[in-house]
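Shown here is one chain on its own, the form predicted on its own, set out as structure tokens.
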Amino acid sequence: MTTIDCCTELSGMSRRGLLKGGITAAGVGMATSLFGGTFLQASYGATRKAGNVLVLLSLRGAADGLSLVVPHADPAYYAARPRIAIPKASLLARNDTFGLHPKLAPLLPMWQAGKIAAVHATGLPAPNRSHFSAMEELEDADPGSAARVGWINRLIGQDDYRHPLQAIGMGMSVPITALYGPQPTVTAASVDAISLAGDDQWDTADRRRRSMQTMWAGAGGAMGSGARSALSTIADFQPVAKSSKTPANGADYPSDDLGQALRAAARIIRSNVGTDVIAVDHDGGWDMHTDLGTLDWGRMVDASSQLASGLAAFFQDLGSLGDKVTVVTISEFGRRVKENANYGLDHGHGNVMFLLGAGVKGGYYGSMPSLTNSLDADLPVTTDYRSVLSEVVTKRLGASTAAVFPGFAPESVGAINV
């Protein structure tokens, strides 16, 4: 039997792989998404103050929701996973039906405070086992439309404010599909990447910035307006760039990619540059065809530890600012119910979504179906993922579900109060 760490498809499209492919902070063009009318934006005024903030955390690779939130009351779960099932006695926040993976312990104080909800059996309405295709479908969220406009782009287009900093992709080198569209957005690998190359401590006479402004000030066409847009965005981002890199309130982020992206997100929120949405990717090795493992070893203990430690540090860092920040986790699909021969799980369908922070009514949600112990059994989806997102965008950000998720009629989930 062939042993693989993850799908060839996923490894080939890894955002870190793309970053290694050479996208760097050269010049000013990287600061602004180069899609549609975005590139035609000429300049922007001062940023507004942000209201409530949504942080979308994508668990790339299809996380196993049945390991993160374990349906311990279903005997099929233990029958299907004789080697990798998590013992009931080890689960955290256990009720009669569910319990949390033990490595989510850093989030337990927030759970006990009613600040975390888990919505199980969520996902796309029909199975899609291709990472690339499922991500596209999930983030486009407009089935049947040929327009390349993601749901976050539609969301920020609901008001008359237009600024690239309104939605930021952080910790990645290319925009995710959800950010695509006519509204200007920014995607960058780090806070430091949103800068003008050469405008540094050695340029004491400010020559680099002034020369770029002179060169592009009267330039016509898309290149000229795009360059001016990027220069303006870099200038408006300075409160973030100049903010302290030291987390507040004693927060200690893990050194992995997720921890650093969330630390950057906290700096953006604290600097209040008018950002409504921050998208963060976690390429944490969630595509666990092999070595998902047990509680003593394996990739799930590592990935779930990174997830919990990063999020716990993020909210500790934010302190009272966390009262306006809601985090939603999402993954392109879940895993099969039954373990394979490699201590892993193959591509499935339903999954779990977490909601954390402001407005969240803590606890377990969703209609959990009975599991089936067979080779090709999935966790069926009983809650369309758009219903979960709809509660957040309507109750926290005041947007119209019909505009953000065209043609979709959401069902009530109940995980968001206000």
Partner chain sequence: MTVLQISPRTATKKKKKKKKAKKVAKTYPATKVLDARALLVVNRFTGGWTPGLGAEVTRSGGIDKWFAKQLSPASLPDTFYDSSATWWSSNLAPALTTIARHYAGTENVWEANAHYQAWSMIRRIGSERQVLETMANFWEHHFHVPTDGGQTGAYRQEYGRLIRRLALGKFDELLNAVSTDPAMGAFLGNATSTKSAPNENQGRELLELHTVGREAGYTEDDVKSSARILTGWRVDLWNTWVAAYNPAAHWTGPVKVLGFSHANTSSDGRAVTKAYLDYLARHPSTARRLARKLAVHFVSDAPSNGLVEHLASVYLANDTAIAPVLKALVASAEFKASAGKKTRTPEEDVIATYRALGVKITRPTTDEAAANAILWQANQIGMTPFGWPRPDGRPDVASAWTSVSRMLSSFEVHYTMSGGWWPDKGASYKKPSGWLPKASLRFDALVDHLSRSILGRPSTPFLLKVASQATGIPAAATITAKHDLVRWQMPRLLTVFLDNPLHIGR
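Numbering follows the first chain given and starts at 1. From a predicted model like this one, the values you see are computed outputs, not experimental measurements.
Beyond what is shown, the protein has a form predicted in complex with the partner chain; the following relates to that form.
Student: Hey, in the model of the complex, does Met135 get a heavy atom within 4.5 angstroms of the partner chain?
Tutor: Answer yes; at least one heavy atom of Met135 falls within 4.5 Å of the partner chain in the model of the complex.
Student: Spell out, yes or no, whether the shortest heavy atom distance between His72 and the partner chain in the model of the complex is within 4.5 Å.
Tutor: Residue-level check for His72: no, no contact with the partner chain.
Student: Is there a non-hydrogen atom of Ser130 within 4.5 angstroms of a non-hydrogen atom of the partner chain in the model of the complex?
Tutor: Residue-level check for Ser130: yes, a contact with the partner chain.
Student: Is the gap between Asp200 and the partner chain in the model of the complex 4.5 Å or less for some heavy atom pair?
Tutor: Yes, Asp200 sits close enough to the partner chain in the model of the complex that at least one of its heavy atoms falls within 4.5 Å.
Student: Note which of Thr326, Ser229, Ser304, Gln183 lies within 4.5 Å of the partner chain in the model of the complex, where distance is taken over heavy atoms; exactly one does.
Tutor: Result of the distance check: Ser229.
Student: Report the residue, out of Lys115, Lys103, Arg267, His289, that has at least one non-hydrogen atom within 4.5 angstroms of the partner chain in the model of the complex.
Tutor: Filtering the options by heavy-atom distance leaves His289.
Student: In terms of non-hydrogen atoms within 4.5 angstroms, which of the given stretches 211-219, 270-278, 247-255, 74-82 touches the partner chain in the model of the complex?
Tutor: Every other range fails; the passing one is 211-219.
Student: Quick one: name the residues from 342-357 with any non-hydrogen atom within 4.5 angstroms of the partner chain in the model of the complex.
Tutor: The stretch 342-357, when checked against the partner chain in the model of the complex, contributes Asn342, Asp346, His347 at the 4.5 Å heavy-atom cut-off.
Student: Note whether the distance between the C-alpha atoms of Gly150 and Gly221 decreases (closer) or increases (farther) in the model of the complex, against the displayed form; the change is 3 Å or more.
Tutor: Closer is correct, given that in the model of the complex the C-alpha spacing of Gly150 to Gly221 is reduced by at least 3 Å.
Student: How does the CA gap of Ser225 and Gln183 change in the model of the complex versus this form, closer or farther, if it moves 3 angstroms or more?
Tutor: So the answer is closer.
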